[in-house]
Ligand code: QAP
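Just one chain is shown here, as structure tokens, and it is the form predicted on its own.
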Amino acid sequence: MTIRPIIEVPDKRLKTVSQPVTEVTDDTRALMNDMLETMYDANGIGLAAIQIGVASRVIVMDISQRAQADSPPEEKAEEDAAEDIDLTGETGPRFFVNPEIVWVSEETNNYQEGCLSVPGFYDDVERPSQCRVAFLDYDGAAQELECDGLLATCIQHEMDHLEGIVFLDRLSRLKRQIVLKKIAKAERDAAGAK
């Protein structure tokens, strides 16, 4: 497994609509393994392939990471990390290839979201509180998953990435402009420090 660089706003690749995966292969699984390792390294709970510059409809998630988000992850040997992967997705890591939301609840929730591609910025986003997702799993088998709470929020957030949408696009125009100005200023400050 390899930790890959995560692209950040304002990188235009984040606006790319990702393409369907024609077949889950060893290359697809290697991508998912790299994504998972990258997500853990960044203390995230979800990652879409486009966030590492791959325009494929692939997502990895592990919402159990939320409890550990404020502290650095344990460092593990590559083989130990591979042993921790629960390929069933019942607990721990989940893998979604070509995910499609097939149902959403009318009830909504507000949840304070952040994004590995927009580091350091968080804001409330309203989304359906429940959804049902059809997808291919790590082995390419068709699955459906009922999601609610944080799982529903996270899968919808990551699926937005597959459509070229970052969570900033879900904010009011004013809030989005404030965040983008802060990002631009941080980039100028970083460039000036070099």
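Just so it is clear, the model here is predicted, and its values are computed rather than measured. In this text, residue numbers run from 1 along the sequence as written.
Although it is not shown, the form predicted together with this ligand is what the next lines describe.
> V97, C131 and Y138 - do all three of these have some heavy atom no more than 4.5 Å from this ligand in the predicted bound form?
No.
> With a 4.5 Å heavy atom cut-off, would you call A42 a contact of this ligand in the predicted bound form?
Contact with this ligand, yes.
> Classify Y122 as contacting or not contacting this ligand in the predicted bound form by the rule of any non-hydrogen atom within 4.5 angstroms, answering yes or no.
Although this ligand is absent here, Y122 would touch it in the predicted bound form, with heavy atoms inside 4.5 Å.
> Any of the heavy atoms of L150 lying within 4.5 Å of this ligand in the predicted bound form?
Output for L150 is yes: heavy atoms within 4.5 Å of this ligand.
> Would you check, heavy atoms only and a 4.5 Å threshold, whether C154 touches this ligand in the predicted bound form?
Yes - in the predicted bound form, heavy atoms of C154 and this ligand come within 4.5 Å of each other.
> Taking this ligand in the predicted bound form, which residues along 113-145 bring a heavy atom to within 4.5 Å of it?
In sequence order, E113, G114, C115, L116, V118, P119, G120, F121, Y122 come within 4.5 Å of the partner.
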